[in-house]
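Read the single chain below, which is given as structure tokens and is the form predicted alone.
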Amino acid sequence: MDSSTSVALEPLLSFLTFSFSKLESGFYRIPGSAVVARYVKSSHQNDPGRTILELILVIFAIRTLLQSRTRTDRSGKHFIKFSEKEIDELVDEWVPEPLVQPLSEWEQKDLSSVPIIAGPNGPKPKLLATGKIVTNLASFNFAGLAGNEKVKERALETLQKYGLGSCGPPGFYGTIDVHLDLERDIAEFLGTEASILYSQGFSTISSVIPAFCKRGDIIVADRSVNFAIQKGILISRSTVRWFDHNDLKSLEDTLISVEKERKKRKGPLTRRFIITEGIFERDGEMVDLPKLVELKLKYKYRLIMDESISFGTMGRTGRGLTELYNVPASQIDMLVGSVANGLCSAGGFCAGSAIVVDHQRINGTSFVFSASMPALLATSGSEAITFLRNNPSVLLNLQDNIRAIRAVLEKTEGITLLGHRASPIIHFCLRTQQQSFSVTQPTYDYEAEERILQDIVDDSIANRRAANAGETFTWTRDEKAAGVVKASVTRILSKRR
């Protein structure tokens, strides 16, 4: 019986053997088939169960491709049938949702109260709405460069020679020789190897951070960093650890905890960054730069510091905290500053080593995809640096003004001054409110306080002193302007008691 069965199956087995032989020879004629074959043999030898799983997945994929993509009921028996009249009525009744919510009464008032300047801006601008000449306490014209005659003359000469716009990004016919001159001037001014120029101030730090920080990297950042830094951190997709605002003890504890976590999970060493500001835009606090550099070197982190407020205002000649604390700028891996604030021009910069700068010329999104700044703004920045080098007394005058204004406002009932005493931006908040500058958990009513502050601003403008609800006061020539603000604070708060 067994012999007859074998004879009967012999033609079938021969056919199968011949078919598999043909399939095998045809398979090996396909380019790359040998690699696939070696992978399957190796995978099956090491883990036979994986071969079965992969075979099931292949069958499932083939089945999915072959079956119908849609399983709708083509008969339409489960559809609701409407008449033409009903369809027209439904269309007429449909009201689309608004793209944005309408402005509230307070928001409309806040928007309409923004003062508009007629003519050049400076310490004594003219308001378009009323025609009044007011004292401007709300601009970042820290060193009075906005109306400097030498800067204006240089800008006019450049305008006549180069025209207005650059008409292209830096990497595509947008780079002009004066842009490179300003980059060299900034690097020499700060004492770094090189610097790179960005045409928008806000986009500078938010482009620098993701140019270096990637997914899997570690960022340790101050909780109260400005909005531009927050956006840069978000775009980087890095792992973020926050430390308490301007608390270097909290920073060190965070650095230690990061290393403990890495050792606990036996993770690889990754790139690690500390991100903070020199003078914080949110409250005017100043970082202890020598201690910060000490921690950076001790725990082997790279330091990204935003000096948008301190550059052009701190130090004997405006070089920022590195000059104030006598710390070499080379100790800061990426030193970011504002050409718009410190030099009264436009844009921003990042100074550091040549490697750091060259990397951004390819990976800094704002640098790569934005048009270069007009040539006249670049030469204005270079001329402003020359002015700061040759006229250090202007920053002494700035500090005198800061002390004069603080002396008046510190005696004002109902408000508390915040920030470092040397900060060129002076913040105050209502003393009746609990202050908190946490990025994640605000603990008081911002809107209620902002309404009161806006009333103070409106009252100050009515008395010919243009203030700012952001509580920023800079560059005044006497104590009279601060006295007007003090009187406005007293009047508004007394009405609300």
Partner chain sequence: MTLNPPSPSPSIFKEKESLSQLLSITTAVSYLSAIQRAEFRARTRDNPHASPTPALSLSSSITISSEDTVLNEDDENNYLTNPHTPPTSEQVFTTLHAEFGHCANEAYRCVSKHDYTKPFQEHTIEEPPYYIHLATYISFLILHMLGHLRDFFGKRFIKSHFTHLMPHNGYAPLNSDFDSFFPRRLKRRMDDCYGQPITGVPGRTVLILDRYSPDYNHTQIYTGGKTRALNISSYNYLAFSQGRGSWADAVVESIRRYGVSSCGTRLESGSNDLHVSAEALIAHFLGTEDALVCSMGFATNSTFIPGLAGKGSLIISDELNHTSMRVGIRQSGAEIRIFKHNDMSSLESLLREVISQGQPKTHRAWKKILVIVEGLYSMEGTLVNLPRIVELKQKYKFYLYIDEAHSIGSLGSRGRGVTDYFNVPPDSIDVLMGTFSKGFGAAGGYIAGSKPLIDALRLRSHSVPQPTKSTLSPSLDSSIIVPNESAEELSGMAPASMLPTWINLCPSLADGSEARVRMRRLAFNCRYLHAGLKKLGFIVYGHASSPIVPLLIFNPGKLPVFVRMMRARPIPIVVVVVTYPATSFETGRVRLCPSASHTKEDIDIVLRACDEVGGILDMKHGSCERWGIDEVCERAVELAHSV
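From a predicted model like this one, the values you see are computed outputs, not experimental measurements. Positions refer to the first chain, counted from 1.
What comes next is about the form predicted together with its partner chain, which is not displayed.
Practice prompt. Tell me, out of 221, 292, 190, 340, which residue has a non-hydrogen atom within 4.5 angstroms of its partner chain in the predicted bound form.
Written response: Comparing distances to its partner chain in the predicted bound form, the residue within 4.5 Å is 340.
Practice prompt. Tell me, out of 376, 402, 286, 143, which residue has a non-hydrogen atom within 4.5 angstroms of its partner chain in the predicted bound form.
Written response: Contact residue from the list: 376.
Discussion item. Given a 4.5 Å cut-off on heavy atoms, tell me which of 390-398, 242-250, 165-173, 403-411 is the interface stretch with its partner chain in the predicted bound form.
Written reply: Result of the contact check: 165-173.
Worksheet entry | residue 228, heavy atom within 4.5 angstroms of its partner chain in the predicted bound form | Result yes; residue 228 sits at the interface with its partner chain in the predicted bound form.
Discussion item. Under a 4.5 Å heavy atom criterion, is residue 161 part of the interface with its partner chain in the predicted bound form?
Written reply: Yes - in the predicted bound form, heavy atoms of residue 161 and its partner chain come within 4.5 Å of each other.
Fill in: Proximity of residue 201 to its partner chain in the predicted bound form, heavy atoms at 4.5 Å
Although its partner chain is absent here, residue 201 would touch it in the predicted bound form, with heavy atoms inside 4.5 Å.
Practice prompt. Report whether the minimum heavy atom distance between residue 315 and its partner chain in the predicted bound form is within 4.5 Å.
Written response: Contact check for residue 315: no, nothing within 4.5 Å of its partner chain in the predicted bound form.
Worksheet item: So which residues in 364-395, when you check its partner chain in the predicted bound form, have a heavy atom no farther than 4.5 Å from it?
Response: 365, 366, 369, 370, 371, 374, 376, 377, 380 sit within 4.5 Å of the partner.
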